[in-house]
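Let's start with one chain on its own, the form predicted alone, as structure tokens.
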Amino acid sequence: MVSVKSFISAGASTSQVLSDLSAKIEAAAIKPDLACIFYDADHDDQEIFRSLKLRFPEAAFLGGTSCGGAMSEAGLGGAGSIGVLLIEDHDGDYGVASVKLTGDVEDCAERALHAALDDAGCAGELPELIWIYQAPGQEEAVIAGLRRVVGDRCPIIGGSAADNAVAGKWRQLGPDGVIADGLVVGVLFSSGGIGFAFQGGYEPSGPSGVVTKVGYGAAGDSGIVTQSRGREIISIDGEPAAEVYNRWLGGRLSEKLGKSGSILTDTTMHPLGIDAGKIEDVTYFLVVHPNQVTDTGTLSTFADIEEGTRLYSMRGDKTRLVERAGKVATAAAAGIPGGLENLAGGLVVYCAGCKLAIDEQMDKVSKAITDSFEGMPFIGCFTFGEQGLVLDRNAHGNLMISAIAFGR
């Protein structure tokens, strides 16, 4: 039997918020096997870890900073909030490990996965689901390292830790405490089953083009290039990428061409898309968020792009981004044995870029998820990158929503 409880509280003082959470948790009388914690980056996460680890010394811990706090079935926590999801499942197995992402990132991820499996007492077994929380920037390499072990035989779901202003103040929380520039890997073997979903809330707007050159680094000290993918798009169809993209957006970026600077807020509703395949004749797009232009016309993104990829101009609106959250939660719940009627609770990853774009409507997002989960407990975090299973392949995207649902 799986029991899930969520708790959320907000305030400027970490001690005061933890005191409030402690009283709520005490009243719930739950002994968790897994604890997920997401919180505003302004909080003292060392204090958060010490407090919860003292209360639940046997639980597997994972989480980290989340843009502007967390949300739950109780609503949007808001600035200064801390959200906690506790999962009690004594018939299941849960393990967590953390690692700094230095040197060979793929190797780091592989080692962390093996350590998490050891922590769960399930070395050599295939998890039902792998949950990750990491520093932004090397998500594709992390997934590649995890795929060395499991391929795409199980979903890899999660997010990239965020702060409140894209200032690099994101941190991760694992079994040994707080780390920066790291990765936390959780392996879940639930006795009640797990459903999951990973989607974006955008549609193609018409124009498209092929990436003809990307910027990427050489491998090690040899100077030998070993890949043709990166996060700097130099040209599309042989033209400067920023100029092509600006043309697709009807001149929206004209004042920023020829300069170097952020275009995050200009492009949240107008990202790029990659055709990931079809589901029942409907094309599924992996969304990529452009974040900067350079004075040479290069376009930087929050995800790796491979030369030869066809990029599509995408469009979204606030209503679609609100409604999509509920649809993703519904899809996740439908994937557990017995469907929604057997739902114990859930965990939702919602892109921080979308959150900032529709901030005044974020209460509607938490309500949409609550309605889809029929009031069952959940915690939602706000991330600078999202990971999930796309048409039977694990991938990293931007401006997306992922959800997992725990069956009873």
Partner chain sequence: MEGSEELRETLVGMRRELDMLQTETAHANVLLRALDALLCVDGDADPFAGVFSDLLPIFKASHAIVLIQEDNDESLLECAASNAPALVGSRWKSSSLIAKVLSGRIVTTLSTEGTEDWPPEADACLERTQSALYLPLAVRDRRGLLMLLRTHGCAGFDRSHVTLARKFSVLASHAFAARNAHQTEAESTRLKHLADQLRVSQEALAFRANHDQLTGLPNRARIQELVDEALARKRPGEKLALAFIDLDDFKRVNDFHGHAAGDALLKGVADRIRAEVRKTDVLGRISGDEFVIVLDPFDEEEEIVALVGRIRDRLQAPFEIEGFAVDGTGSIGVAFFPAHGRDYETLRRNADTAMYQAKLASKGSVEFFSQELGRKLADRISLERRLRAAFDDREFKCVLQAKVDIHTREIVGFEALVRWVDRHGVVHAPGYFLKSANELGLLDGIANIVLDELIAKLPSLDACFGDGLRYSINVSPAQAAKPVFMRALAEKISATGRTRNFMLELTEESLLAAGVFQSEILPLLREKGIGISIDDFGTGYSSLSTLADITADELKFDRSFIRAIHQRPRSQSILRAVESLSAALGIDLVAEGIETDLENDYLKNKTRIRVGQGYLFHAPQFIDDIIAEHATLVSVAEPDSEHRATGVLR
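Source: prediction; values computed, not measured. Positions refer to the first chain, counted from 1.
Another form exists, predicted together with the partner chain; not displayed. Remarks below refer to it.
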Heavy atom within 4.5 Å of the partner chain in the predicted complex: which of D163, E73, D93, E110? D93
Option touching the partner chain, based on a heavy atom within 4.5 Å in the predicted complex, out of T102, S262, T283, T296: T283
Do V150 and the partner chain come within 4.5 Å of each other in the predicted complex, heavy atoms counted? yes
Heavy atoms within 4.5 Å of the partner chain in the predicted complex: does G182 have any? no
Spell out, yes or no, whether the shortest heavy atom distance between G80 and the partner chain in the predicted complex is within 4.5 Å. no
Examine F302 and determine whether its closest non-hydrogen atom to the partner chain in the predicted complex is within 4.5 angstroms. no
Can all three of G121, G206 and E239 be found with a heavy atom no more than 4.5 Å from the partner chain in the predicted complex? yes
Could you tell me which stretch in 102 to 110, 85 to 93, 131 to 139, 165 to 173 has residues with non-hydrogen atoms within 4.5 Å of the partner chain in the predicted complex? 85 to 93
Only counting heavy atoms and a 4.5 Å limit, does any residue of 180 to 209 reach the partner chain in the predicted complex, and if so which ones? F189, I194, F196, G200, G201, Y202, E203, P204, G206, P207, S208
